[in-house]
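For reference, the chain that follows is the form predicted alone, supplied as structure tokens.
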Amino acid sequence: MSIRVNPDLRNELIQFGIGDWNACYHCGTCTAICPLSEEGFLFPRKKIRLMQMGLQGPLESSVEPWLCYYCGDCTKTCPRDANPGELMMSLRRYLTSTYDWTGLSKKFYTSKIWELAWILFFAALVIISFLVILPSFGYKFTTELTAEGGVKLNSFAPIPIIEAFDWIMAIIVATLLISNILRMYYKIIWKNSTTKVSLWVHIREFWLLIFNFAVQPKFSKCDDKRYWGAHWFLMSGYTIMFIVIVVFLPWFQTEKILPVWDPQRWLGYYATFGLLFGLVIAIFGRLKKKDIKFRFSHVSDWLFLVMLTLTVITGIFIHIFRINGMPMATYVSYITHMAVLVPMILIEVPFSKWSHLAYRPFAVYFTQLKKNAVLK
């Protein structure tokens, strides 16, 4: 089987933030130092070699970039300052674009203007919906308060309409992610493979997908356990908030002022804490640039952090203003919240930074499938 060389691969990869990877002279230090490297899945050195040789096909079928959690040990010990850790991060951006059949992921990662324009476009649609479209159907601002003194939020943002929009948005995002994951499976397991994986192996190893999504145990193998904890809080907080808003919106967006000990409020408080805890560490780490894993940031990293931070802060404002009977402040916070949340979900989840949440556990699952493959 012949493998085609792409002489322009280097120029394509540079667009995704890959630095001077030609500095690598394959001493093997990065592979030796990495606590996650194992037989058959050696990184980052193997990926650097594929890039240098222009082997685009084997690079796109690799899982190693997703198995890397960027502890930074490889970069700190590299004698040539080739920065293999950031290289793996950049490869994750590139691989995300190769799975995406729409081509939007590549546009968002390689063009600041393109991503920002789409964010502003969706934000404008949200604002127009609340200020023009919904009022035309009778859903307007009201200063009238509930019997408990809270804001009548549902008269401005009706649950049936918001819930229907949530489900439509969730279906769109799920369709895009699932189709991209199928392309990921095709590239890693199916395409040009000399081995086969039985259906029973697919079923038997599927638990790894669920386990790695929920716990991310490979992350805990890195020396710095604090970052694993921060990452887990951020991930779990976002997942809980997403499920509550999409699946249980009538329970979560209520005009009734629930007692502090109510499960609804505790779920909201935990999700808020998890998101803020992870965001504080990620943002201050990138500002200080003391830790190696925060020293090199792509534009997409900052866009994601800023949007998620604004979503959390405006969500907190909605809660405070609503239960304290401050209508206009509640409405302004709600519109701002949705104007940030909607483009973040529609862009970041299927096409950009947040898609890693899905690709990582699937990469672990596909790795296990490859280990159990047999010759055709």
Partner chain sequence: MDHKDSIGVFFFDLMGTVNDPINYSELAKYTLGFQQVLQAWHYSDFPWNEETIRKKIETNDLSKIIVAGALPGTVKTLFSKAMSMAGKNPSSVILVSFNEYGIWSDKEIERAKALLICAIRDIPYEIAAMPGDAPVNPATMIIGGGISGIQAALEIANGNTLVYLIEKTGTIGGKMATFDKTFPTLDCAACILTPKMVEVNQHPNIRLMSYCEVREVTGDAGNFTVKLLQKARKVNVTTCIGCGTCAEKCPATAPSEFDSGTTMRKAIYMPFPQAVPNKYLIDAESCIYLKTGKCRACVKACPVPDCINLDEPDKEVLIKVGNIIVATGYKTFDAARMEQYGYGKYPNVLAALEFERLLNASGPTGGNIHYRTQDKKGNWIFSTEAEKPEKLAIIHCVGSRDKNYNKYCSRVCCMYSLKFAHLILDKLPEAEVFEYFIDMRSFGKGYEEFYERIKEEGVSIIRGKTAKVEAKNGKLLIRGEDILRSELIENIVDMVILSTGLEPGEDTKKISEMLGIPTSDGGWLEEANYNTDPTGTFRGGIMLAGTCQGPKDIPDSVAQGSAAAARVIQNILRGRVTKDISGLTLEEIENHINEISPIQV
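Note that the coordinates shown come from a computational prediction; the quantities given were computed from them, not determined experimentally. Numbering follows the first chain given and starts at 1.
Keep in mind that the form predicted together with its partner chain is not shown, yet the notes after this line are about it.
**Student:** Would you kindly say which of Lys218, His298, His202, Arg80 lies with a heavy atom within 4.5 Å of its partner chain in the predicted bound form?
**Tutor:** It is Arg80.
**Student:** According to a 4.5 angstroms non-hydrogen atom cut-off, is Thr309 in contact with its partner chain in the predicted bound form?
**Tutor:** Although its partner chain is absent here, Thr309 would stay clear of it in the predicted bound form, with no heavy atoms inside 4.5 Å.
**Student:** Would you classify Arg45 as touching its partner chain in the predicted bound form, given a 4.5 Å non-hydrogen atom cut-off?
**Tutor:** The answer is yes: Arg45 has a heavy atom within 4.5 Å of its partner chain.
**Student:** How about His26: is it within 4.5 Å of its partner chain in the predicted bound form, going by heavy atoms?
**Tutor:** Contact check for His26: yes, within 4.5 Å of its partner chain in the predicted bound form.
**Student:** Can you tell me whether Ser37 touches its partner chain? I mean in the predicted bound form, with a 4.5 angstroms heavy atom cut-off.
**Tutor:** Within the cut-off, so yes.
**Student:** Where, among 180-188, 72-80, 261-269, 96-104, do residues come within 4.5 Å of its partner chain in the predicted bound form by heavy atom distance?
**Tutor:** Heavy atoms within 4.5 Å of its partner chain in the predicted bound form occur in 72-80.
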